[in-house]
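Here's a solo chain for you in structure tokens, the form predicted alone.
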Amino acid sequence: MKVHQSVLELIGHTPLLRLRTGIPEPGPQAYVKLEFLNPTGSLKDRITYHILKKALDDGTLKPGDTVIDNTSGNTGSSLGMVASVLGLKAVVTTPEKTSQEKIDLIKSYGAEVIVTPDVEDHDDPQGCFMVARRLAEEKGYYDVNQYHNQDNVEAHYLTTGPEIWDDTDGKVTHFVCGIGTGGTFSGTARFLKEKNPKIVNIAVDPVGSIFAEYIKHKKQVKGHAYQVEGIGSDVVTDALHPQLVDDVITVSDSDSFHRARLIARKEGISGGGSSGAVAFAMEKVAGKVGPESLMVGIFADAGIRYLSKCYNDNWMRKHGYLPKVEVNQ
């Protein structure tokens, strides 16, 4: 009899699924790693469990303590879930642009949610990043600080990288991944490079984020607002190890959302906008490589979290991603 004693045992070991939309025939094998099959529906379950368990094991945390972090939503729900199982309390700060589905999911695990204004400056004291840092200091909360915590990177080095390597029998040639904190990309890319230095690690960044310019030219520029959630940044993070990036592809909000919707309708794979961005980038890569290549992309979370956003026609029209409906007078 195969049973599990805790939901935490279900984290990781997510499957690879063939992706066909946008991939030419004949062309490379293209697979996506379905991270939305983790317990809370995103890859962030990996890092929150790893970080909190490590802190409990070394005595930094004890049951009943409060943990805090800023999030675009996915880390928040994971933090709430893992904290509840481990006997901890969770506080989450998140910007106004975070979808209501994500906020409600975080609350469902018993976490406290503090919604902050959307700000242009990462160091703005009213923004979710600085509010989390301030509360951690003032209240004595354990600061997960996913943007700069190297345990974020380590979680993927120990789990995501080995899974991709094993599930492709070591045949993976290209790894494609969105960068938000940079932890998923850096940990996975480092493991794969150690296994085979010829593997090409490709980062995906939304238009408006500062990562691409920093990776290409080591210049820190000022970003601008974008709608896709979970990837991109307005500040360089310590969890991103740019020396591991072989190439970076920028994708617009429109291309991200339309590709996510297309894949859901053609292949029944419902991912978030960041998954659409990764799939769009995979098409760009696929046009340059041959059938001997094997690409793996990360689908970080599920489309169900964006039913009020990129999967909602009215929202898409409001933001100019679909043509407005003309009303006959």
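Only a predicted model underlies this, so the values are computations on that prediction, with no experimental measurement involved. Residue positions are given as counts along the sequence shown, with the first one as 1.
Same protein, other form: the form predicted together with a small molecule, not shown, and the subject of what follows.
Within 4.5 Å of the small molecule in the predicted bound form, a heavy atom is found for not a single one of I51, G80 and N145. Looking at T159, you'd find every heavy atom of it more than 4.5 angstroms from the small molecule in the predicted bound form. The closest heavy atom approach of I231 to the small molecule in the predicted bound form falls within 4.5 Å. When the small molecule is considered in the predicted bound form, I179 lines it closely, a heavy atom lying within 4.5 Å. Proximity of A277 to the small molecule in the predicted bound form: non-hydrogen atoms within 4.5 Å are absent; the residue sits far from the partner. Heavy atoms within 4.5 Å of the small molecule in the predicted bound form are found in one stretch of 59-67, 25-33, 288-296, 38-46, which is 38-46.
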